[in-house]
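The chain below stands alone, shown as structure tokens; this is the form predicted alone.
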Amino acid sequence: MKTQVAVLVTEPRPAARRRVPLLTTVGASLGLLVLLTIVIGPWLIGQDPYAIDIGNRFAGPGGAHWLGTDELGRDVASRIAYGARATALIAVGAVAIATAIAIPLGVLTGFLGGWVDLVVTRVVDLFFAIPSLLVAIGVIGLFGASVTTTVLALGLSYWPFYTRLIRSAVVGLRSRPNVDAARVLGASRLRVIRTEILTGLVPLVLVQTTVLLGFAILDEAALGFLGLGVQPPQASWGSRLAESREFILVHPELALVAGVPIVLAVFAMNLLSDSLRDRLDAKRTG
């Protein structure tokens, strides 16, 4: 008489599979807060960020001025909201330039190899000898300080690291079985790059773009603090931080209000990049 044994396989509950990690929730919430500040913040506050009222200097929060006024009587909350737009424009533009340079160069050097790889790698090594912030300062010194120059300067300072990262990923992708199979089937180099290499780079590009956005926000603040970024009276988070420097001992709240958005935005980008990396790695492993 045979005994039959029933094996019960317990599958994860749907709720457990849909559970969102805490860090992902925090990062998404902070990112949404920054996005809302950029999109509807100026309209919601309803104050002119450039209106000067000397008789109302250093007013405390309340009434029409949610975060008080600065050394010229301008509304601090409005300048933070309008500054978020300038900072976001610079960050997105710089990352777009770096991505537009890094992906073609990284794919070509990693896929073709040979003298192309040698030349581009040597140029990248040359840029690595100079700190990225010094490259940005040099570009601004040549063309002058403005929003456009800051975007260009940061974009040119990010592409070497990004190119090397893409190249390393492509070197690993080109030895995969699916790439070899496409070659055996007679696919051209362009088709292999388009269908096999670029699709494999999507997770890396998403994660690295998010990381670079955080770096760009931080570097824009550094350049603005040094007086090399957005120029007054135009508002940005970096320039707002520089303006509050002279009054940090008597009115430290101005520097605090200017620095907190930078910290929160960079923290949000770091959390989102970590969450993206974990999720994409889990899908690839699965």
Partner chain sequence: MLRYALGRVLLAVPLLFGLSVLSFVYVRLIPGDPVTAMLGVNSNPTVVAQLREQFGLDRPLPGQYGDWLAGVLRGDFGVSFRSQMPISTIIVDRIPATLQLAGAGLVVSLLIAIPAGVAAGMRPGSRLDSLITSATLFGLAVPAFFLGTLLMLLFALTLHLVPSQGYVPFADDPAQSLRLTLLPALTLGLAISPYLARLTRSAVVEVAQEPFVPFARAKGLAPRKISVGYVLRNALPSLVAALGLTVASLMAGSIVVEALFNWPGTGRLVTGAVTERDYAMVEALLLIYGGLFIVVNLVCELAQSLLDPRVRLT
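Residue numbers count along the first chain shown, from 1. These numbers come from a predicted model, not from an experiment.
Heads up, the form predicted together with its partner chain isn't pictured, but that's what we're talking about next.
Trainee: Partner absent here, but in the predicted bound form, which of 151-159, 95-103, 138-146, 182-190 has residues with a heavy atom within 4.5 Å of its partner chain?
Mentor: In the other structure, the partner sits against 138-146.
Trainee: What is the one choice in Leu67, Ala255, Ile45, Val34 with a heavy atom within 4.5 Å of its partner chain in the predicted bound form?
Mentor: Spelling it out, the residue with a heavy atom inside the cut-off is Ala255.
Trainee: All three of Ala169, Val202 and Thr210 touching its partner chain in the predicted bound form at 4.5 Å, heavy atom to heavy atom?
Mentor: Zero of three within 4.5 Å in the predicted bound form.
Trainee: Are any of the heavy atoms in Leu276 no more than 4.5 Å from a heavy atom of its partner chain in the predicted bound form?
Mentor: Contact check for Leu276: no, nothing within 4.5 Å of its partner chain in the predicted bound form.
Trainee: I'd like to check something about Ala59: if you look in the predicted bound form, is any of its heavy atoms closer than or equal to 4.5 Å to a heavy atom of its partner chain?
Mentor: Flag for Ala59 set to no.
Trainee: Does Ile54 reach its partner chain in the predicted bound form, with heavy atoms at most 4.5 Å apart?
Mentor: Heavy-atom contact with its partner chain at 4.5 Å: absent for Ile54.
Trainee: Closest heavy atom of Pro131 to its partner chain in the predicted bound form, within 4.5 Å or not?
Mentor: Judged by the heavy-atom cut-off of 4.5 Å, Pro131 is in contact with its partner chain in the predicted bound form.
Trainee: Taking only heavy atoms into account, state which residues of 246-265 are within 4.5 Å of its partner chain in the predicted bound form, ordered by sequence.
Mentor: Heavy-atom contacts to its partner chain in the predicted bound form: Ile248, Leu249, Pro252, Ala255, Leu256, Gly259, Val260, Ile262, Val263.
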